[in-house]
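One chain is shown next in structure tokens, namely the form predicted alone.
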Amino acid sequence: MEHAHIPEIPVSIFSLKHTFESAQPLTFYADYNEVSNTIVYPYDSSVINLMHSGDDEKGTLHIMGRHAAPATGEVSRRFRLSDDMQKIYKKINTDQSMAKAISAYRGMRLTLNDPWETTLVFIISQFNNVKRIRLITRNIIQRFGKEIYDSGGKAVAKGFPQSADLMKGTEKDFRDLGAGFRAKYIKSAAEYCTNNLNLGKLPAGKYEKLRDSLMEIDGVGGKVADCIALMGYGNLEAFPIDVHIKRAMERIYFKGRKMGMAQIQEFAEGRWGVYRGYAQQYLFHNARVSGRK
């Protein structure tokens, strides 16, 4: 392969496969090829075409396509390549269950995504599974996304629609795209985030304030707000609790006793501190995959 004009980023402790499969925003609309270990996704007015070579301990990310050079910053940011995984693992590897999750999914990164993109996919995710979330998200992109063109002027993909783009849709439009009861929340969130709430101005580093602001959006409860804070703003204090996490936490850390959300949150803060967002992702993905098996 000719790499003369293909930007390369050295990576260590990085798994493209585990990251894509772990139910983060890219899971719901990017295309991943396990054989070639490549991922393709729209970003802004371009298409990111990324290949991971080498192994998960030490490898290289190759960014291909006509927008490759400017995309290095996007790829580094999106996949949190500056995260010190050795340090993070040292902080969260507090017990046998976590050690097993880290071993099974070593190299899985949290991703940092556009706040609106993260808000939309996690509103869609409520009472839903990955296959359906992906179908609905891709339907919405196909219907409302703006065309992305190659150097010859040919349309090659559609970009992720912003909140203002979705204001053109009706509740019926979103229901027709498969959203079901979530249609009214998508419509309401699009209007609110366009007219009343500037997601780009929210304080990413102030967890409580950020979470409260996100919960002003119709259809965004505590769990979804935590998902947005974690994956849309990079706030690692967020610890989203869904049914998978609640059951896993009760089984592993509370001897099967039923616990309240606040008690689980308090335990996570004491156990994993400021890195509890990473701890949650490893527990969550491990619980999801184990449940399927």
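One-based numbering along the sequence shown. Only a predicted model underlies this, so the values are computations on that prediction, with no experimental measurement involved.
The same protein has a further form, the form predicted in complex with the DNA, not shown here; the description that follows concerns it.
Checked against the DNA in the predicted bound form, the residues Gly169, Gly180, Gly145, Gly107 give one hit for a heavy atom within 4.5 Å, which is Gly180. With the partner removed from view, the residue among Lys131, Lys87, Lys100, Arg77 that has a non-hydrogen atom within 4.5 Å of the DNA in the predicted bound form turns out to be Lys131. Residue contact with the DNA in the predicted bound form: Ser125 places a heavy atom within 4.5 Å of it. Mapping the unseen interface onto this chain, His244 counts among the residues with a heavy atom inside 4.5 Å of the DNA in the predicted bound form. Contact between Gly59 and the DNA in the predicted bound form is not found at the 4.5 Å heavy atom cutoff. At a distance threshold of 4.5 angstroms between non-hydrogen atoms, Phe284 is in contact with the DNA in the predicted bound form. With the DNA omitted here, the record of contacts in the predicted bound form names 219-227 of 201-209, 155-163, 188-196, 219-227, defined by a heavy atom within 4.5 Å. Contact with the DNA in the predicted bound form, defined as a heavy atom within 4.5 Å, is made by none of Lys17, Met51 and Leu236.
Taking the DNA as it sits in the predicted bound form, the stretch 16-54 comes within 4.5 angstroms of it through a non-hydrogen atom at Ser22, Ala23, Gln24.
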